[in-house]
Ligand SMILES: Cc1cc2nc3c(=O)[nH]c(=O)nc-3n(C[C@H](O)[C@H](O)[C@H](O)COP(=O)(O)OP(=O)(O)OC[C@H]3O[C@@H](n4cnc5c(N)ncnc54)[C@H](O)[C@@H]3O)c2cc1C
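What follows is one chain in structure tokens, specifically the form predicted on its own.
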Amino acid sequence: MEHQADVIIIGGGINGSSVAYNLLHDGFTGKVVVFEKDKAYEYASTPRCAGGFRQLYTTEVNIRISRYSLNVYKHFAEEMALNGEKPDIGFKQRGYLFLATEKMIPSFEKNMAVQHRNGVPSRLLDSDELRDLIPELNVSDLAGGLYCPESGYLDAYSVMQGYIKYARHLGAEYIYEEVSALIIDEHDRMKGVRLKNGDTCAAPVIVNCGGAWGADLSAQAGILFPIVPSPRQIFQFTCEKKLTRHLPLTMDPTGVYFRHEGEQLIAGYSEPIRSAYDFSWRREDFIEHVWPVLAGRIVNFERLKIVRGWAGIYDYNTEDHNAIIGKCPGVEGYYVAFGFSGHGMQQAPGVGKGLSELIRTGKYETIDLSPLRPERFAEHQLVVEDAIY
């Protein structure tokens, strides 16, 4: 083996870097090496995400992760400052809002009860309260909305860079090379990784945070997960007449969402799942699927101009649409954190803390992530989350 480490992390995006940071910050003294194939992070999922942060989940494990992550993001600048320089993650706590038709209200009431049990200050807004929040909103077909004022949106790229810088400061080594294979010995123990350039690196612990690419890498070693790469487009635009106030991240009943991005706006929609690594964006998809909903919901959006668009890749869990986190059964020393299905950025602080504890101590202490364990599929213990888009 050309290189040696105590822990190898595959994928240097927000989750991989959170794991590296938390391991070292929590007292791990071994050598941590992070392999990331995209040095510029040009096609990484983190900087291509919509940046939404919410607590309006319907399962306790997701809510608890978000509660933990909220506290981290609120204090991120102070806690991650280096040499007096604070990372600005642009966390705008302007709220997260699910608009609801009459048919949706009973399920929202049920979901709100779960959220309240776990400390989330969500509440149901009536039509008048919706108009107070967004004066230009068309509420003619709405019965209300589920709203959490603590949530909002942030700059995921800046969070990732904050984790990278601090992890390096604590001793993590980042190597910008692609991992091409996992190396497993005859006793089903992790031995290391092989790189695309032919080099190898030995380590007894491998943490796969490579998203859909990581699931493909795992499959090459015969370790299968129900994950496919699914593209999601985001469109940035301006409107001729500005809104009265900045928006919460707002989810329409159709699956179209929108929020402010500085003084401009971004929007996307719940695209059909298709297995592909496709980074193209199509103006016609905005015109066909997004614009009619926007224009019908807010009159200001009838006249708008597309500024640009992009696409990122969901590591989409086809079984229950939730993250797969923890120690992989059958292979000693193999841990995974992928399959987030679009909410990896939101959960990164909690995921990093949880895996740090699991690797160092053998158990979860701060948040019990065991419901998201890899073996839940074989055990028929799926975590069914209603609020996945």
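Values in this document were obtained by computation on a predicted structure and should not be read as measured data. Each residue number is its position in the shown sequence, starting from 1.
The form predicted in complex with the named molecule exists for this protein as well; it is not shown, and the discussion that follows is about that form.
J.: Would all three of Thr59, Phe225 and Glu375 be in contact with the named molecule in the predicted bound form, where contact means some heavy atom lies within 4.5 Å?
T.: So, no: the whole triplet misses the named molecule.
J.: For Ile14, is any heavy atom within 4.5 Å of the named molecule in the predicted bound form, or not?
T.: Flag for Ile14 set to yes.
J.: Decide whether Met345 counts as a contact residue for the named molecule in the predicted bound form under a heavy atom distance cut-off of 4.5 Å.
T.: Yes, Met345 sits close enough to the named molecule in the predicted bound form that at least one of its heavy atoms falls within 4.5 Å.
J.: Arg297 versus the named molecule, in the predicted bound form: is there a non-hydrogen atom within 4.5 Å?
T.: No, Arg297 stays farther than 4.5 Å from the named molecule in the predicted bound form.
J.: Is Leu369 one of the residues lying within 4.5 Å of the named molecule in the predicted bound form, judged by heavy atom distances?
T.: Contact with the named molecule, no.
J.: Give me the residue from Asp141, Asp188, Glu178, Asp128 that has a heavy atom within 4.5 Å of the named molecule in the predicted bound form.
T.: Exactly one listed residue reaches within 4.5 Å, namely Glu178.
J.: Just one of Trp213, Phe108, Tyr316, Tyr147 has a heavy atom within 4.5 angstroms of the named molecule in the predicted bound form, so which one?
T.: Of Trp213, Phe108, Tyr316, Tyr147, the residue with a heavy atom within 4.5 Å of the named molecule in the predicted bound form is Trp213.
J.: Of the listed stretches (25 to 33, 360 to 368, 326 to 334, 345 to 353), which one has a non-hydrogen atom within 4.5 Å of the named molecule in the predicted bound form?
T.: That would be stretch 345 to 353.
J.: Is any part of 39 to 70 within 4.5 angstroms of the named molecule in the predicted bound form by a non-hydrogen atom, and which residues would that be?
T.: If the 4.5 Å heavy-atom criterion is applied to the named molecule in the predicted bound form, 39 to 70 yields Tyr41, Ala44, Ser45, Thr46, Arg48, Cys49, Ala50, Gly51, Gly52.
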